[in-house]
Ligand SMILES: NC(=O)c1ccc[n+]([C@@H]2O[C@H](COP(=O)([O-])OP(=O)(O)OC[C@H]3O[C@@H](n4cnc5c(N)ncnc54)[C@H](O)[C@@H]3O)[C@@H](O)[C@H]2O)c1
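Shown below, as structure tokens, is a lone chain in the form predicted on its own; questions about how it binds or moves come after it.
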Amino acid sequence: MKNQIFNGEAFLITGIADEHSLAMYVAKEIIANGGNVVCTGLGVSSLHKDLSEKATAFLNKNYKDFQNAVKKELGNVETAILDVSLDASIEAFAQSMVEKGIKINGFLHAIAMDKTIRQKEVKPLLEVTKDEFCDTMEISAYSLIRIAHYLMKYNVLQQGSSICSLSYIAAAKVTFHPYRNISIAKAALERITIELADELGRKNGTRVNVIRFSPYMGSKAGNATLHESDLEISGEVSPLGNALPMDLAHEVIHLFRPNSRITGEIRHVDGGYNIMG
């Protein structure tokens, strides 16, 4: 039996859409190292008002797929609905953790959304509407602030916790796979990471870091934006080839490790892709 890093500490895992989601690999590795997880997915709640039939059907299917994937891969772990576009949903989730007596020692922010990407086609930035821009920024970046806010407001996030978010190299560079709108949101996410690392580190010793990962098509999100040729190119360009989901999971576990002094970092788990011109 390997030495376990965690001693029953619980971590919030967002962003699981299916069994191949990067967040799922992280959740499994936390459990393998002696930790517990609370997993959240997008679904219909009492806080959703005036939803269309189409929206209701989408959210119901999304949550069913989420729950099925979690049960298959993780077993009977705590799950909950979380819609980060609604402050009331985030607050209700934090309150439910209090009611259940669950304390969180950190969380993975793996949430992103961009309606300007359709059928692997990316809308030019000059054609992105204000609503499209703001919606992407709210879900993909600002939500990190609000999750941390409510978890701290209700004393769910414990002193010395660790927060980690997922990003990619397009937050800093124009890439051959043409992310546009979402890249700006990821750049904001990285800047938020640095500011929160300062604020939360001084407030209660919480660490905040972000990881830029290789292009990945295994998840719904990656498959919506990338082509097989994109992975082939990045794999050839990267000195070590594309990183694997378990490489990411191991790095998150390292950053979640108790009593670390690592914070405010933009880490690269990409086989060296980031060093190439």
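We number the residues from 1 along the sequence you see. Owing to the predicted nature of the structure, the values given are computational and were not obtained by experimental measurement.
The same protein also exists as the form predicted together with the ligand; that form is not shown, yet it is the one meant from here on.
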**Asked** Okay, which stretch from 193 to 201, 149 to 157, 103 to 111, 71 to 79 lines the ligand in the predicted complex, with non-hydrogen atoms inside 4.5 Å?
**Response** 103 to 111
**Asked** Though only this chain appears here, would Gln95 touch the ligand in the predicted complex if you measure heavy atom gaps against 4.5 Å?
**Response** no
**Asked** Can any non-hydrogen atom of Leu42 be found within 4.5 angstroms of the ligand in the predicted complex?
**Response** yes
**Request:** Give a yes/no on whether Thr263 approaches the ligand to within 4.5 Å in the predicted complex, heavy atoms considered.
**Result:** no
**Asked** Does any heavy atom of Leu144 come within 4.5 Å of a heavy atom of the ligand in the predicted complex?
**Response** no
**Item:** Interface residues of 124 to 157 toward the ligand, as seen in the predicted complex [heavy atoms, 4.5 Å]
**Value:** Ile139
